[in-house]
Structure formats: C-alpha cells, structure tokens
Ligand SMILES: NC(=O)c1ccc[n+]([C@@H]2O[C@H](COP(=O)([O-])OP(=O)(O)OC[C@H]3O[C@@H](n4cnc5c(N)ncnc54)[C@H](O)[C@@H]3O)[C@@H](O)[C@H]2O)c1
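In structure tokens, one chain follows: the form predicted alone.
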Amino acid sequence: MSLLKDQVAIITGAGTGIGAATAVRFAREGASLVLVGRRREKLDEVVARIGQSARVSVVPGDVREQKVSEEAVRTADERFGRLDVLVNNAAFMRAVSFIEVDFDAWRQMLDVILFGCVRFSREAARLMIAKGIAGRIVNVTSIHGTQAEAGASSYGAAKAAVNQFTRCMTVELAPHNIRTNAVAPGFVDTPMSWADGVCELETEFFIEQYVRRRRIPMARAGRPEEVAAAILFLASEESSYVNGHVLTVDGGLTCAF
C-alpha cells in the first residue's frame, strides 16, 4: 500500500537520523519530498538513498531563518503544486547544567526546536489553507518533554513547549481540516547519541542500566526507521481520527522505574 501516493511532504532535519529515515520511508510510500537541512552534502546523500531525484527537492538552510521556511514551502508549491504533510524534526541537544549555561545557548535551543517549528508550521498551514488541503503536521519532540534529566533543561523545556504548541495548533487548525500531532522518541540510535567521539548507547552505563536492568523494557535503543514508521502513521490517513496527540516511541522506557 502507498500511504502517501501523490502527496507532498516537507521534512526538516532531513539529512541524518530520524529525518533521513522518514524521508526514505515517505518516498517508498509514494510521496514527493522537500528536504531541509543545514548540510547540503547530507541532503544529497539522502536523495541518493531514495534514488528518485525527480521527486525530491532539497533546501539547504537553518530553521532559525525565516527565509528557509518560506523557501521550503514555496518549493513544494512551485515544483509539486501542493503541500500535504510537514514534519518538524530539526533539533540538537547539548548537555549542560542550567546553572552553567548562558542565555544565548537557551535562545539557540528554543530558536531551533520551538521557533523553527513555529516558522515552518505557519508557512505550511497558510499554504494548506489557501489550497483547501486537509493537511497533516507532525512534530518530532522527545520523552524529555515530559521526563526530567540532569543537563537537559533547555532541551526538555523546548520539547515540552513543542508538545503544547502541537495541542494549540490542533484547536486552531482543525476547522481547516488540518491535523497536528507529535512523536516523542526515547533513546534512538542517531548522530545525536554521539558526544565527544563517544556513543552513549555503547557505554557501560547505558548497557547496565537500560539493557541488563531493563529500564527500557525492550532492552535496546530504537532505530530511526521505527520512529519514521510512527511519523508515517500520523502523516497518513491511517490516523484520520488522531489529533492533538503525542505518541511516545520509547520501547517502554517511560513506563518503567
């Protein structure tokens, strides 16, 4: 079944990890794509993985810049004639105590995760409304939006804000037949798992706490493709009566203690 046949999607943070996996899955499901990311070479690698360049446009740029959201939506409209799905995935994480971090770092975190989502959602919703499209917006948040961890205050606050922004958009956009939902991953094997040359998923602490002791009941980290499958569900008509929901994809981590 092609769940996104003849539909058009914008994906931010599409060069690596969950964004790249979502792009590949969406293309397999029949979608034409506009891929947004800071590094052109990474976007080109994803296009090569998809292997159907005629159905993919890339917009290199930073989601902190308004012109990037405008260009992405304009590209979808001018090249493909419509926009059905937006996936707000762009993010980064920097572990540091809130006592030590300066406000510029807080602003950067919020600007990428929260305001990047706001910029793209506004531009996408305007086009969907103008064309009378029953669109879908899917925001990639995190279990950090509801669970607390030392060193993740700005990241967690930004993700929590996106969760609530998702719900607020649901109320405002439902009269236009636009659905908004979010996916909240737990530990996932992506480049964000790496810091200072070390993958946290391979450390003895992670293996002992989350695998051997099964703080993650499934005893492993997730794969980007598994999160992409959840995003696809919310982006397709398979979830036609799901609206304003934050879908947790964490192997059971937030159920355990």
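Sequential numbering from 1, following the sequence displayed. What you are looking at is a predicted structure, and each value in this text was computed from that prediction instead of being measured.
Just so it is clear, the following notes concern the form predicted in complex with the ligand, a form of the same protein that is not shown.
Visitor: Of these, 26 to 34, 186 to 194, 47 to 55, 209 to 217, which stretch puts a heavy atom within 4.5 angstroms of the ligand in the predicted bound form?
Guide: Every other range fails; the passing one is 186 to 194.
Visitor: Report the residue, out of Leu86, Cys117, Ala72, Val140, that has at least one non-hydrogen atom within 4.5 angstroms of the ligand in the predicted bound form.
Guide: Comparing distances to the ligand in the predicted bound form, the residue within 4.5 Å is Val140.
Visitor: Within 4.5 Å, heavy atoms only, which of Ala90, Val162, Met169, Ala125 is in contact with the ligand in the predicted bound form?
Guide: Residue within 4.5 Å of the partner: Ala90.
Visitor: Does the 4.5 Å heavy atom contact test between Ile18 and the ligand in the predicted bound form come out positive?
Guide: Close contact exists here: in the predicted bound form, Ile18 approaches the ligand to within 4.5 Å, heavy atoms only.
Visitor: Would Asp62 count as touching the ligand in the predicted bound form under a 4.5 Å heavy atom rule?
Guide: Asp62: contacts the ligand in the predicted bound form.
Visitor: Can any non-hydrogen atom of Leu110 be found within 4.5 angstroms of the ligand in the predicted bound form?
Guide: No, Leu110 stays farther than 4.5 Å from the ligand in the predicted bound form.
Visitor: Does any part of Arg39 reach within 4.5 Å of the ligand in the predicted bound form? Heavy atoms only, please.
Guide: It does: once the ligand is placed as it appears in the predicted bound form, Arg39 has a heavy atom within 4.5 Å of it.
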